[in-house]
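Okay, so here's just one chain, in structure tokens, the form predicted alone.
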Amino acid sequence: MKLISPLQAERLKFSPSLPALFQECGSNVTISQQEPLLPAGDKDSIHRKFPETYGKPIITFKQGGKSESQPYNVGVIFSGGQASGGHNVISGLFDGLKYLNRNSKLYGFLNGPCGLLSDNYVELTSEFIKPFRNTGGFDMIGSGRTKLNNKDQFDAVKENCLNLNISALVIIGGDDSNTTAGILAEYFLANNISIQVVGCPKTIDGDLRNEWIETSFGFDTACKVYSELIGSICRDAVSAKKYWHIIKLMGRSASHIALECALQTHANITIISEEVENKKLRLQTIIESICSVIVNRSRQGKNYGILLVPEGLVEFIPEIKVLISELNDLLAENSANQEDIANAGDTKELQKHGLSQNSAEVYLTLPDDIRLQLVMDRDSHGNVQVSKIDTEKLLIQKISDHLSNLKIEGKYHDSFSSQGHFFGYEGRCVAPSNFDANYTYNLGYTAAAMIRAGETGYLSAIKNLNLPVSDWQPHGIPISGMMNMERRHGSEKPVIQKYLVDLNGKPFNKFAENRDNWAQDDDYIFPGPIQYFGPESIADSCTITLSLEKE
């Protein structure tokens, strides 16, 4: 038998709680339809793309009949990057299906969407699932980033599901993966294929959320992990008193992680990308603001500090955002331009290859390694891979250059010593916090309830997450109602709209009220590691962000 750690052995004993409705009647519930959910924008375009599922209602649940249901054959995949709690989604889905009928079967397609295409699967039995309950990672069945985006692929998914007599497919993923779930549901309905599709909201970045989805799973655990690490560095900084620590955090499209970690640790400086975009702050303005704090702390004898920055910052800085947009379009049209742009030595040469004069000038002000990172590697959507851009190194170099100029002017008298960090993968596969363990189990259980109710094209969701689990309210959100149009590979594509930090929201206002004091004072908080046992106020707590939003 494979050895496991003492903590893992204890976590296997953890039994997730259920809301009152599920405690009373399990997953054998019926639906109550609420108001239709329409997209906030691009309504005509979304309607044309999703004629079968457009305008579906939000659904809630009520007690159903007590008779045993028919057995269900259901498929499930992980799609995209890992997030703590994924195994509990499958556990909740499995238990919910078995509650409906003990002969129900759950098939896990291996390594994400490619398993669906290649018919590579395993039947998930009670014994198979048991050692994965309450554990981190997606290693139960693996994940992948294969994109399902054409009819041939959809036909293959249909054939492989029908061969197993699968009548429902559950996709556990982020905004892109659940966009695919919506497209797949539309395809099945349009072709009179009786396969339901249900999604579950996953991403540690926290941007798959809105009025109806209070948080995505994995966000709570990741923020607690990063905040523990940041708190330890804060303690080190105030002990050694000699380094500025520049810490890049996960979060390409939104700064939710950076904001939550700032609230948990009181780091001296935290850059919020959405504020940068809103105020149209240029890179030099950001650098000058950071250096102002460094100089003021230096005058107090504090030649150290903590700076938090989201990984996607560069895409929010106006002049770099324009540059990236131009590069994305140019390279989508002709990837051969990569070498030419990377090797260009002046503005005129860059303009010859398609950049505007302003973007060419911005490009040339960046360090050589940052230029290469902007040009060379693209993601599956044809966009720059911001996680590979060393934003922390870019800031360190720009800060160093500006402080050197201030020193020449006699306005700064210390030496700037820095340490760069990137906290990313450290937070993706941790054993889920009690919050995420309960939340994900209930997302899977809710997916089973939606399958029981015959719904398709929906995302599994839970309301009242700041309250005890018994007061949580499961519901279903139509995927098409959360869509907008985004530019991908040089053209407009439908995708679930990302939720950015609300600059008028309570979490940001709490941060804004305190950041000047945090900048000058050593008001650090040391959250410590995730607590799985002990007082509910510690072990079962949710994020500060969620608590503030639900006040």
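All residue numbers refer to positions in the sequence shown, first residue = 1. These figures come from a predicted structure and were not determined experimentally.
One more form of this protein should be noted, the form predicted in complex with a small molecule, which is absent from this view; the next part is about it.
- Only one of M250, V170, V89, I306 comes within 4.5 Å of the small molecule in the model of the complex through a heavy atom, and that residue is M250.
- Scanning N111, N466, S387, S418 against the small molecule in the model of the complex with a 4.5 Å heavy atom cut-off leaves one residue, S387.
- Contact with the small molecule, judged by heavy atoms within 4.5 Å in the model of the complex, is confined among 365-373, 80-88, 442-450, 153-161 to 80-88.
- Residue contact with the small molecule in the model of the complex: L93 places no heavy atom within 4.5 Å of it.
- In the model of the complex, none of the heavy atoms of H256 sits within 4.5 Å of a heavy atom of the small molecule.
- Though the partner is left out of this view, R428 does reach within 4.5 Å of the small molecule in the model of the complex, counting heavy atoms only.
- Among residues of the shown chain, A262 is not one whose heavy atoms approach the small molecule to within 4.5 Å in the model of the complex.
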